[in-house]
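Have a look below at one chain only, the form predicted on its own, in structure tokens format.
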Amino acid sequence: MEKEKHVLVIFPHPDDEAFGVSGTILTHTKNGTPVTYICCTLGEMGRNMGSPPFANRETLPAIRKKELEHACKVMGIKDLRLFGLRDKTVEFEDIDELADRFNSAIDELQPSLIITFYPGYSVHPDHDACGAAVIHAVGRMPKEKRPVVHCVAFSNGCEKEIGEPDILRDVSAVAEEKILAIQSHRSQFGAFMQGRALKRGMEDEQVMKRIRTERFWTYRWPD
């Protein structure tokens, strides 16, 4: 992997990085690359309360914040920024105003690489809205100053419309730490990633293929 100057990760929810990106983040931080993570919400409208339940609607935001902070510690991220938007409302944010906030961070950090969701191909309205605002922010920068943007997509049939991912990254070397990062989000993945369920998952080749391989689409600008 080419060493980046600075990586900026922008997702709407705690845990959005877990399965698809945390191995890549770990690889960057182990290379000595600074990584900043902007998380737009605290996922307070999430339906999972743990298994067995240990959260309620009032306590979930604080719990998810702690889970995210722990995941960042595991991934080696020292700069976590919380934008304080409300879960499931990112799609209703003014795209210019949200892009302004992203542009401010980009101007400050000067990242060489941004990782976000591919707008229109990321299933959840918050995912698509976040990715669209990031693309809008970067797209209005002068071409020569734009950082590379790697997008995550997983909607059904997305390959038919945007092609195959141009980056398939083997993160086997950090798979154990990636699992620890996923386990940090106990309220969301606790039942799956602990005890016997984890053992069964690690014995499932399809599950381990998903953990060991991360895929990205490099965003192609029309101009």
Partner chain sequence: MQPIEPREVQKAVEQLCGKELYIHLETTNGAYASHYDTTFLNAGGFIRNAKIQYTRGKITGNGPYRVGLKMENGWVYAEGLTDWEIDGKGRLLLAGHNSDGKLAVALELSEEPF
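If you're wondering where the values come from, they're calculated on a predicted model, not measured in any experiment. Numbering follows the first chain given and starts at 1.
Although not depicted, the form predicted together with the partner chain is the subject of the following passage.
Residues of just one listed stretch (176-184, 41-49, 65-73, 161-169) have heavy atoms within 4.5 Å of the partner chain in the predicted complex: 41-49.
Remark: residue 141 does not count among the residues lining the partner chain in the predicted complex, judged by a heavy atom distance of 4.5 Å or less. In the predicted complex, the partner chain sits within 4.5 Å of a heavy atom belonging to residue 53. Remark: residue 146 does not count among the residues lining the partner chain in the predicted complex, judged by a heavy atom distance of 4.5 Å or less. The partner chain in the predicted complex is not approached by residue 136, whose heavy atoms all lie more than 4.5 angstroms from it. Judged against the partner chain in the predicted complex with a 4.5 angstroms heavy atom cut-off, the residues 88, 123 and 156 are in contact without exception.
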